[in-house]
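You are given structure tokens for the same protein chain in two forms, set apart as structure 1 and structure 2.
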Structure 1
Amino acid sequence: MDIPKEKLVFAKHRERISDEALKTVPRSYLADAMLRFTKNKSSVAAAWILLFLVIFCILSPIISPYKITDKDSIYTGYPPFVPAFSHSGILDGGRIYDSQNEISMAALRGIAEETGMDPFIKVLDVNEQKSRYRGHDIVRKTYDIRVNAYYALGIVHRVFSYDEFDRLQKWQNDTGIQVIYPYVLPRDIEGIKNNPNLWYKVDQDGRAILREDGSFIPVYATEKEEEGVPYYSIRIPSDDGSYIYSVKKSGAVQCRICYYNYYRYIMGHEPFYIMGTSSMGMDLFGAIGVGGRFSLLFAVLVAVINLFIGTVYGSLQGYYGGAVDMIMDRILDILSGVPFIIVATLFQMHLTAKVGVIGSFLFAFVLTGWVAIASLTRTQFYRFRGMEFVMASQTLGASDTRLMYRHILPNAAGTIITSCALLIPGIISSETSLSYLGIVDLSSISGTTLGSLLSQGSAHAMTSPHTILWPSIFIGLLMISFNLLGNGLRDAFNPATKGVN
């Protein structure tokens, strides 16, 4: 090949030759961790659920028409009820009544007829029992029915002062809602005293004596000498003006009131319990929010305090090592050897009078809670202690404190802080169990706690399972999501798992 030399030219003649700048965008540690976190689907889902639960805790006490101190004495452990859905199948206040005989079926019909609110939702099952009695075949029918528990309560006896009775009558006149129903004297219903729902003729067993057309025979009292206070308000349609609506009761009057309408008089609205009422008569929807809010705040507070103490302790241990480490480690051994329930109890017994229930409870959690953080910090400090950048800084004359908190700690911070997310569910779980066991009673301060809700509910779990169901679901979701989130964060912030899927 013969090419003249002058034809040869450098490809980049007269151009500046330099390395090309990196076109990739540098990514910070945090951004990298977040990216890896978002790749973990279950953790992201857990984060959303957690967010939902937190929002629930904030909003539910606000949405709920009840304050946490509103405790209804009669609607206790009642099923979920929203008035608009009263016969729809869900949120209808439905409760199943097993094996109801004719007497109680008639009683329910009586309530429906008198108050105008029909408790029947559905007949689930009819059982027939055949038996022989004095040579006759007798068929007894019992019914399994679903009734609206709020309506089925019907009428209750109440004693009012004259003023209160007057106010009630005025309210009736203003709103047109009937609360007070005509009085029935026990002697007219065969001396039965404890069933205010009877207003019709019955025999000694409480069985309704019906007219031939199957209707009830009313036995409302008309004796004016028994009447407590003159009545000037709404009368029932069948009343010809002779029925009395109250009887004398030593300086007050006793009357029959429809509890559902009385509730509207007291609260200003109909019963509205999305999750039913607790066995203390609280609105479960709001109560779970209040309890959950307390649990979360408490757990975060404990975690922050423990994080602080644990980090300081662990950093001293890890930084100085040797004898300091050994002595401090022995102290940790002792602290971690004390069973938590014992610590909580002793603190409760000693400190409650001085610093209050929450204070002593907090102390109990703080006393042993930071041990895990301390040992984690210690390991991290051991890891970074001998590294070149620390030595370099030391050579330049940096003080111990500076080395510990300006150089080593920032490197260990990610791991330590994320481990907090795994501590919180443990704290919530212990707090809930202890208040369930009744070792601490926090309800006087926070209104209620999840543990108290569970413990109150468990006594009536058979009749009103929802009182346990909703708090359990709440705690279950909270725990699962916190743990998944914590695992996700730990993996994302742990440089060792980088690039591993």
Structure 2
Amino acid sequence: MDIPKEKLVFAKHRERISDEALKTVPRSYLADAMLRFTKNKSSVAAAWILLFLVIFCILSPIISPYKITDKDSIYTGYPPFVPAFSHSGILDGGRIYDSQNEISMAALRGIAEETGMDPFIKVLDVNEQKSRYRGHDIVRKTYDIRVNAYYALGIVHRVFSYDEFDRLQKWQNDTGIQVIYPYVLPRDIEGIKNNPNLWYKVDQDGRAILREDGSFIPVYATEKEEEGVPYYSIRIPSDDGSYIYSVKKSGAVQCRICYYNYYRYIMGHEPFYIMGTSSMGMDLFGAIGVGGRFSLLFAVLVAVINLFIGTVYGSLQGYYGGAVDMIMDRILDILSGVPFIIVATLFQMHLTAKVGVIGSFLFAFVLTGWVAIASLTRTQFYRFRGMEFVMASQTLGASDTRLMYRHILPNAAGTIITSCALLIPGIISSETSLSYLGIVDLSSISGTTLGSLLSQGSAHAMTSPHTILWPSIFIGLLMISFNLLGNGLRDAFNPATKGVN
């Protein structure tokens, strides 16, 4: 090696030369492991995602304006909707209606004109079908449109007691919001009874009969002998006081009401569903948080119990070996051969009455859930029990307990911690699967579960895909994040990589 002359310095005669003191601060085993963990970008990203999911589970039921028991029987499987974005293209309650004919288009236009809430968002496509009838060319058009499903519901029929009808009228007067609309007798709309949105003149096929200027011809009822209860509240602008707003119905009154505004009456606010509603009418935003919170807490509890049992069992098995290992290993073989789904089903059938749904479900997971951790711990103890540091401690008189849990177990902690981290998503997956299949029903305890939401949404996957999409995304993120986190923890807590950055 060619060293420049100027870098050579003569040593002083009789000068004492020694190594300089270390200037760096020593790191603990945990600090060293965390340093290695932070260098694993995928694991760090997974940890942040898990933190976000945990915060979501805590806050979403609090932020949501709905309780888990709030279930709307009309807004079932409705898409995400925030009133401020009603025609923005996102969170606008949009739903695609395919192949709408002129009758359907007129009905939507009638809703917009009567209630002032225009359901049309966008016309996606216009299809023309040409045919010939009695020597004339006939062109029929159908439309693929995107509408605000909450506005498109329009008017519904409701039966009220006299007291409730009176309270609703007073609320209208106080707020100025029109809920009750003039009644329409079926005989005035060609006997059609199943379409409360018809308030205009139609022919026998249900097609609107329009004026020359293209406007609708109202057919609101005016016969006072048909009226249920005298109406004293606000009226629609075109009403000169002659329209009736209810008819008699077996000791009560039947009305035509705008359900969107009626919802404001009963809930105190407009529909507000960031993730839409489930097929049971629950707010998915809060329901996923409640279901995810239960799944995480249950999985962590099961993982801790199984980790404790499996670690103690596997350490005894792996440390002593011989006949002890053989007998204990046969027990593991028997337990590992028992199908988990059979255990869970039998426990739900015969143990639920004694210990409850949660108790029987917990026993099912604990019965065989620790077997994998015990086998892994046994393997790690076989690996380390013959190492020099263990033999040295044994020579110095260390007890078996100290050797197992002070010297061997810390060296096996990386692999065991990884298995525990990977155990949690497996528990969540099993719990979700059993709830999805209907083998166990935890809804009465937790309000809802991720598996229940998936099961309910699967029946409406074609018409309301969001009901199964959001729970699936949550579970998918949970599974992937736990797997990546487990891999990062395994590498970080591996003693062989101590000091390696």
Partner chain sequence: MIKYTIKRILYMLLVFFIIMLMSFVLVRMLPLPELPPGDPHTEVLKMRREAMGYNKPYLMQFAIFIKSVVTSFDWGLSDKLYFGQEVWAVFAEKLPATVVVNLYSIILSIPIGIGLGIFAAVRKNTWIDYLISTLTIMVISVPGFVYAFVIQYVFCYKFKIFPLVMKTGTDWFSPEMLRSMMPAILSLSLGVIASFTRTTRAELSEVLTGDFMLLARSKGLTRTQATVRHALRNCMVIIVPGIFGEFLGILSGSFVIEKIFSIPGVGSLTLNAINGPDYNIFMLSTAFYTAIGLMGALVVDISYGFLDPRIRMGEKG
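By rigid core we mean the largest C-alpha set that fits within 1.5 Å across both forms. For clarity, every value in this text was computed on a predicted model and none was experimentally measured. Reference numbering: structure 1, starting with residue 1.
Visitor: Look at both copies of the chain and name the one that is the form predicted together with its partner chain.
Guide: Comparing the pair, one sees that structure 1 is the form predicted together with its partner chain and the remaining one is not.
Visitor: Taking the rigid core as reference, does the Cα of R146 move 2 Å or more between structures 1 and 2?
Guide: Not so; R146 is displaced by less than 2 Å.
Visitor: Core aligned, does the CA of D400 move at least 2 Å between structures 1 and 2?
Guide: D400 C-alpha, core-superposed: shift of 2 Å or more.
Visitor: When the two forms are laid on each other by their rigid core, does G116 show a Cα shift of 2 Å or more between structures 1 and 2?
Guide: Result for G116: no, shift under 2 Å.
Visitor: To one decimal place, what C-alpha displacement in Å is found for G318 between structures 1 and 2 with the rigid core superposed?
Guide: Taking the core as reference, the C-alpha of G318 is shifted 2.8 Å.
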